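Here's a solo chain for you in structure tokens, the form predicted alone.
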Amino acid sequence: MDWKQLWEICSAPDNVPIVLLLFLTPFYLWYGFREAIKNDRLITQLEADPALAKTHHRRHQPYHPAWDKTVHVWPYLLRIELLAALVVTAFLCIWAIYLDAPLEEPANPTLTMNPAKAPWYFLGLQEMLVYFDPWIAGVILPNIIVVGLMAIPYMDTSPLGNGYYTWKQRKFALGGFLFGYLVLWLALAIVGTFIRGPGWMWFWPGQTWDAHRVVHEVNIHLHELFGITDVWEIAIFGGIATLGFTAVLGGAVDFALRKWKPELFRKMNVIQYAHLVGFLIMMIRLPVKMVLKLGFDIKYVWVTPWFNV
């Protein structure tokens, strides 16, 4: 991919949000962890000195007398919110003026765009179609994501970390969120934007997007490695492999949680804990399936006459 082609990709109106994410995400990660480290140092200091904990103002900044004053919503908070709304509105106006909406000509069945890509916020789902059947990548996994986000407040009831940055007190929660956001969403969107070229083929950075490129990739299924040919034997073998791996992975996740986060098992009921383990299993299975496809050209593990996994 030459510089001209890279600029055309980055400057496309539909890809500008991804480019902004590449700059905003590292900045906010740095800022959040910087504040978290400062607060964690303060937490450690207060835990070691109970007398100081009784009188400390609970902030890592030096004490300021204005903190003791009552600050009213009007005019202080609303004034800041109004200024923020004006800045955001001006930014969106400039964006709308200088960046055209990514609308194209009416669909022409005789002339298909290559590559045909979804909007930037759906590129992760489009990339998952490479590794899963459409009913999984387009229906099951998005619903699991939505349900998982809705279930977080019911599974995670700890008050620690509410209203302040911390890593020490929220390692498991923040680690799970960062894995889901950076690996399972942002990384897939970046791959779909900068790596997937014509024909949704994989182009490494530096390679020119050649629409006439021919790739000799032979996808295989797991049962083909073992020479299984009967339809029902294939379905049974794939079911045993898939469900067996899920059971082993679930046992490993349960063992790791009980060993390194035993307080979770004590604080949660059976339903909360089962949902937590289930969501973690689904999060781990996606990169495992990606490794099987990209590293070993294994398309499906479980092949049946009705569905494939």
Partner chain sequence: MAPKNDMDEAGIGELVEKAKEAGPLQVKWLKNPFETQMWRSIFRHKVDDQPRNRSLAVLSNVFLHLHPAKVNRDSVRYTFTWGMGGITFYLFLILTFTGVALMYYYHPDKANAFRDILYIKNDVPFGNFLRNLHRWAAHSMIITVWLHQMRVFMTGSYKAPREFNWNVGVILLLVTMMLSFTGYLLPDDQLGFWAVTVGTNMARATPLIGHEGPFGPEIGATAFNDVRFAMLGGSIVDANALLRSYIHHCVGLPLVGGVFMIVHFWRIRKDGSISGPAPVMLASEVKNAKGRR
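Residue numbers count along the first chain shown, from 1. Quantities reported herein were computed from a predicted structural model and do not represent experimental measurements. Basically, rigid core = biggest C-alpha set you can superpose within 1.5 Å across the two forms.
Keep in mind that the form predicted together with its partner chain is missing from the display, and what follows is about it.
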Discussion item. Can you confirm whether 67, 150 and 181, the three residues that make up this candidate site, all sit within 4.5 Å of its partner chain in the model of the complex, judged by heavy atoms?
Written reply: yes
Worksheet, complete the sentence: Partner-free chain; cross-checking its partner chain in the model of the complex, the single residue of 222, 186, 130, 141 with a heavy atom within 4.5 Å is 186
Discussion item. Residue 244 versus its partner chain, in the model of the complex: is there a non-hydrogen atom within 4.5 Å?
Written reply: no
Discussion item. Test of understanding: in the model of the complex, would residue 103 fall inside 4.5 Å of its partner chain by heavy atoms?
Written reply: yes
Worksheet item: Does residue 266 reach its partner chain in the model of the complex if we count a contact as any heavy atom within 4.5 Å?
Response: yes
Discussion item. Taking its partner chain as it sits in the model of the complex, is residue 7 near enough to touch it, meaning that at least one heavy atom pair lies within 4.5 angstroms?
Written reply: no
Worksheet entry | Which of 115 to 123, 191 to 199, 211 to 219, 233 to 241 lines the interface with its partner chain in the model of the complex (heavy atom within 4.5 Å) | 115 to 123
Fill in: in the model of the complex: members of 86 to 105 within 4.5 Å of its partner chain, any heavy atom
88, 89, 92, 93, 95, 96, 97, 99, 100, 101, 102, 103, 104, 105
Worksheet item: With the core lined up, does the C-alpha of residue 48 move 2 Å or more between the shown form and the other one?
Response: no
Fill in: Core-aligned C-alpha movement of residue 259 between the shown form and the other one reaching 2 Å
no
Discussion item. Residue 227: after superposing the rigid core, is there a C-alpha shift of 2 Å or more between the shown form and the other one?
Written reply: no
Discussion item. Between the shown chain and the other structure, the Cα gap of residue 141 to residue 103 differs by 3 Å or more. Is it closer or farther in the model of the complex?
Written reply: farther
Practice prompt. Since the C-alpha distance between residue 185 and residue 102 changes by 3 Å or more in the model of the complex, give its direction relative to the shown form: closer or farther.
Written response: farther
